[in-house]
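Take a look at this single chain, the form predicted alone, given in C-alpha cells.
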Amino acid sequence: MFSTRQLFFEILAQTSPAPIALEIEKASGCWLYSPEGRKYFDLIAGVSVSNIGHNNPVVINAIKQQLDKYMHLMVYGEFIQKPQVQLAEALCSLLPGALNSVYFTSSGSEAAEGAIKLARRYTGRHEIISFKNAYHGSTLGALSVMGNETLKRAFRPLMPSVRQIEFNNEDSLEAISHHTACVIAEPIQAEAGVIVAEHDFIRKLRNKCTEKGALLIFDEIQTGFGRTGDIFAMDCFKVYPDIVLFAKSLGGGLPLGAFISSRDVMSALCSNPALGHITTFGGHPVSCSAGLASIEYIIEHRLAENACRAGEKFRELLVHPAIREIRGKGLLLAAELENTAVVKKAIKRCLANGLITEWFLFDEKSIRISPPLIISESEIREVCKIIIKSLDEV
C-alpha cells in the first residue's frame, strides 16, 4: 500500500526536482496543519491567494449556498449567471469608470493571454512591450512577455514581436511607438523581489502609451485586493491602465481570473470573428460566489488598512544583522539577505521551526513576506521571532 507521499512523487507531475512536499490535512486562518497535527504559519498565503485567510467561514458559506443552486452550466458568456454579474458589478464599483467591462477567466495566465489578444485585436498592431524581471504567467503568450530568459530559453521560439525594456528607467519608454499594441507592466514587480514602480516612471509610462495610442495593461494578479495597503496597487499611484488583470486572491481561494477594460475596447473580442476569446470554466459560478464574498469581507474588515499596519510592524520587528533591506508595500514585502545560499538555509530553518516562506522567482536573495491580510499583531510578533531564530541558526 503506497502512502500519500509516495503517490505524490509517483503519479503527480512535478514542477521542480525538489518540491517542498509538505503534506497538509487542514487549514484555518493563517495556519496549516499536517496529518500529525503539527501547525505551520503560512507567511506566503499560497503566493498572495489567501488574502482573507484559509477556510474563511464567510466564503465557505457563500460556496455552500451556490452549490445548492448550480455549478457549471455553459461555456462563459452565453448564459446569464447571477454570481458572475454580481462579482463584475462589485469589481467595477472599485475601479475607475473607464474599466467597466469584465471578462472572467480561470487563472492569471489566461487573463494575460486574453488581454494580449484583446490589445492586438483592438489596435490592429502586433508589437508587445514588457519589462525585464516581469512575471505574467507560464502559458505560451504569458511566457513570451515574461522578463526572465532562464524560464523562457527551453521553450523558444515564442510569440514574435515582443520587446523588453528596463523597469523604472524613463529612457527605456522611448521604445514605445506607433507600432506598439500594448505595454504590460506590474505596478509592483513581485517576482523581481518586490520592486515598486517610481511615481514619475509610472506616470510617464501612462502618458507615453496615450501619446502613441498603445494600450497600457496593469498586472495586479499578485498586488490586488488589499495586499499592498490599497485595494489595488495602482490606487497608490493614481495612474490607471486601459486593461487590468486580476487572479490569485480574486476567487477567495478558488480558481478565478479576470481581465477588465472599457466596453469599447472589450467589444473587439465579440465580432469579426465572434467568439474571439472563449473559455469553458472562466467565471465559474461557485468561484464567483466565493470571490464576491471575499471582496466584501476585505472591504468590511478594512484589510487593506490592516496590511499597512502589519507591514510597518514587520519592518519594526524584523531587525537582524543578516537582513540587508526590506522592500515593498503593505503585506507584499521582500527581506533581502546576503546571498542565495543564506536564503535557502534560512527558509529551510523556518520550515523546521513551523513557518512557511520562500524566495522569489527572479530574486533568490530575498525572503517572501506575504501572509494573509487578517494576520494579527500577536501573530506578527510570533512570526518575526521565528525568522530571527532561524537566521541565528543559519
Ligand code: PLP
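Because the structure is predicted, anything quoted here is derived from the model rather than measured. From 1 onward, residues are counted along the sequence shown.
Absent from the display: the form predicted together with the ligand. The rest refers to it.
Peer 1: Using heavy atoms only and a 4.5 Å cut-off, decide whether all three of S50, R227 and G252 touch the ligand in the predicted complex.
Peer 2: No residue of the spot touches the ligand in the predicted complex.
Peer 1: Would you point out which of 287 to 295, 158 to 166, 119 to 127, 102 to 110 contains residues with a non-hydrogen atom within 4.5 Å of the ligand in the predicted complex?
Peer 2: Contact criterion met by 102 to 110 only.
Peer 1: Can you pick the one in P83, G137, G311, G147 that has a heavy atom within 4.5 Å of the ligand in the predicted complex?
Peer 2: Of the listed residues, the single hit is G137.
Peer 1: Does the ligand get within 4.5 angstroms of any non-hydrogen atom of I260 in the predicted complex?
Peer 2: No - in the predicted complex, heavy atoms of I260 and the ligand never come within 4.5 Å of each other.
Peer 1: I'd like to check something about E186: if you look in the predicted complex, is any of its heavy atoms closer than or equal to 4.5 Å to a heavy atom of the ligand?
Peer 2: Contact check for E186: yes, within 4.5 Å of the ligand in the predicted complex.
Peer 1: Contact between A307 and the ligand in the predicted complex at 4.5 Å, heavy atoms?
Peer 2: No.
Peer 1: Verify the contact flag for I243: yes if a non-hydrogen atom of it lies within 4.5 Å of a non-hydrogen atom of the ligand in the predicted complex, no if not.
Peer 2: No, no contact at 4.5 Å.
Peer 1: Taking the ligand as it sits in the predicted complex, which residues of 197 to 234 have a non-hydrogen atom within 4.5 Å of it? Please list them.
Peer 2: Residues within 4.5 Å: D219, I221, Q222.
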